[in-house]
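Just the one chain here, laid out as structure tokens, in the form predicted alone.
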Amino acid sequence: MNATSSPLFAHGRWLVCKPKDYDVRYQINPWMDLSKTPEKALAASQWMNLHHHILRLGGWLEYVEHAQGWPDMVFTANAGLVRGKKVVLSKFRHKERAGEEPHFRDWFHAAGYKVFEVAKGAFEGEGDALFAGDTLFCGYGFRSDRTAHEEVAALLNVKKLVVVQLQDPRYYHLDTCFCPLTPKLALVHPGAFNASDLALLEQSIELIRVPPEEAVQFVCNAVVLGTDVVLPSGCTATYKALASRGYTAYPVALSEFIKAGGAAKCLSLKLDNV
């Protein structure tokens, strides 16, 4: 029996990276502050709590080794975008993350994936490209280029592509402000988009709007496991909105990862997009 069909792991496979060398050593987004670096022991505890939640709620975890010297490698959502047994690897915007690429490439090759890379421009994987059923939602402007998304869609044989521009540097990846729950429903922080792009999203998928004070706590950066949603703590309005739609929220403290600009979804890459 394979991982995806196991009754013990009903919600697919996710790639994670134990934070052996996680830190904030540079500033490539507004969340990073060299005077407020993560507490290592607390970060390790928070990561393990997230890890246990995903397992307990029916996710199967795969592991990539954290390469020394690349502190953001723990944010595996940025490794690439997977569909079936194909993956398009990330081509990072910043040199501070470019060294992660060969380590992720090696992992995917060893796992039997057919590996692709974009020919031009920057592309930061599931950070900026999220499937909702057969539709691929993509964000550009800070880390990924629009033309790269079009190439990714062609490589993965995506028929419906929705591309929007990110407006607020705090929400520099799409997965920090948009989270598909089903092919027809998503969480969104409206302030991350201009009016026309927000309307484009609304034409494509029903939106649950999160309040700004919870968006800034990365409430949209969530791991969706069926009707269970693992997401940052302290966001009661969003938990209630989810409950009204039949979802159960599982809050986890992720303060030490938010210091680098990531939370639950950033720390996990979905391996089962079909």
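All residue numbers refer to positions in the sequence shown, first residue = 1. Because the structure is a prediction, the values reported are computed rather than measured.
One more form of this protein exists, namely the form predicted in complex with arginine (ARG); it is left out here, but the text below deals with it.
Proximity of residue 208 to arginine (ARG) in the predicted bound form: non-hydrogen atoms within 4.5 Å are absent; the residue sits far from the partner. Though the partner is left out of this view, residue 266 does reach within 4.5 Å of arginine (ARG) in the predicted bound form, counting heavy atoms only.
Contact check for residue 176: a non-hydrogen atom falls within 4.5 Å of arginine (ARG) in the predicted bound form.
With a 4.5 Å cutoff on heavy atoms, residue 19 does not count as touching arginine (ARG) in the predicted bound form; it lies far away. Residues with any non-hydrogen atom within 4.5 angstroms of arginine (ARG) in the predicted bound form fall in just one of 54-62, 25-33, 230-238, 244-252: 25-33.
Contact residues in stretch 65-95 (any heavy atom within 4.5 Å of arginine (ARG), taken in the predicted bound form) are 72, 75, 77, 78.
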